[in-house]
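Below you'll find only one chain, the form predicted on its own, shown as structure tokens.
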């Protein structure tokens, strides 16, 4: 499969502290790739750097184009999207207004199609389209953040902890929708502490510890790894086959 996103030898620092070291990864077209690891491992930092929010030393290409000198807006225009951990919604604006802001770079006709697609993926948002974003539940706000990112018709959607703080039934809904995104042609790079759910849905996985990838491969193989099972899945290797 052709790499849609390619990161080679990435280093990201906060001042003198190197938060990400010598990281390389790829995401192919129509693929879900997950990065699992503990809090503070560098997962969010890596996504932010790929998006252009933080400076990155190394090489990042998207669709074959070097992103080194591109601003965030240019990366979005190429088809790269990010749903941040804190969602960053406009809480005093309606659901529909938040969604329409996600499509400000595309033609009105395409924006209308995108809106219909988002409402099909998230029927609850359609029901609440006139409601203020700040009055939504946590799960609904996560859906709105994902929907807004999808309004720009991304080729790759990066999701940072989409299940954080959500009830299990909502988490299941979110992960089902992630699977539907892949089926519709949107690749996904998923950072997630809920390693069990992430590894079930992903094609490939990377395990990150202290700013470095310590393991990578097909998600089912990573889930079966004894150290991963003990550290992130809550059981020892003999139970790994249950993933």
Partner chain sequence: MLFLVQDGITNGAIYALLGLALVLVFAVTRVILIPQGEFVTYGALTYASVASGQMPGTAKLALAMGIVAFALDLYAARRALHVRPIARAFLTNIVLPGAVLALTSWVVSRQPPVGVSIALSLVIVAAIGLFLYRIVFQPLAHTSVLVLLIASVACHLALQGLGLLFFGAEGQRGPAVLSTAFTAGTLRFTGQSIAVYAITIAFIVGLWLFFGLTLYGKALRATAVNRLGARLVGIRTTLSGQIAFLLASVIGALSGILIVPITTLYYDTGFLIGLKGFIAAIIGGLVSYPLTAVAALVVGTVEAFSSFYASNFKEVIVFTLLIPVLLLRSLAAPAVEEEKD
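Positions refer to the first chain, counted from 1. The structure presented is a predicted model; accordingly, all values stated were derived computationally and were not measured.
Below, we refer to the form predicted together with its partner chain, which is not included among the displayed structures.
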Subject >> 4.5 angstroms heavy atom contact with its partner chain in the predicted complex for residue 105 >> reply: yes
Original post:
Applying a 4.5 Å heavy atom distance criterion, does residue 181 contact its partner chain in the predicted complex?
Top reply: no
**OP:** Determine whether any heavy atom of residue 128 comes within 4.5 Å of a heavy atom of its partner chain in the predicted complex, and answer yes or no.
**Re:** no
Original post:
residue 171 near its partner chain in the predicted complex, any heavy atom under 4.5 Å?
Top reply: no
Subject >> Heavy atom contact within 4.5 Å of its partner chain in the predicted complex, the stretch among 117-125, 134-142, 159-167, 86-94 >> reply: 86-94
Original post:
Which residue among 177, 38, 215, 53 has a heavy atom within 4.5 angstroms of its partner chain in the predicted complex?
Top reply: 53
Subject >> in the predicted complex: members of 65-82 within 4.5 Å of its partner chain, any heavy atom >> reply: 69, 71, 72, 73, 74, 76, 82
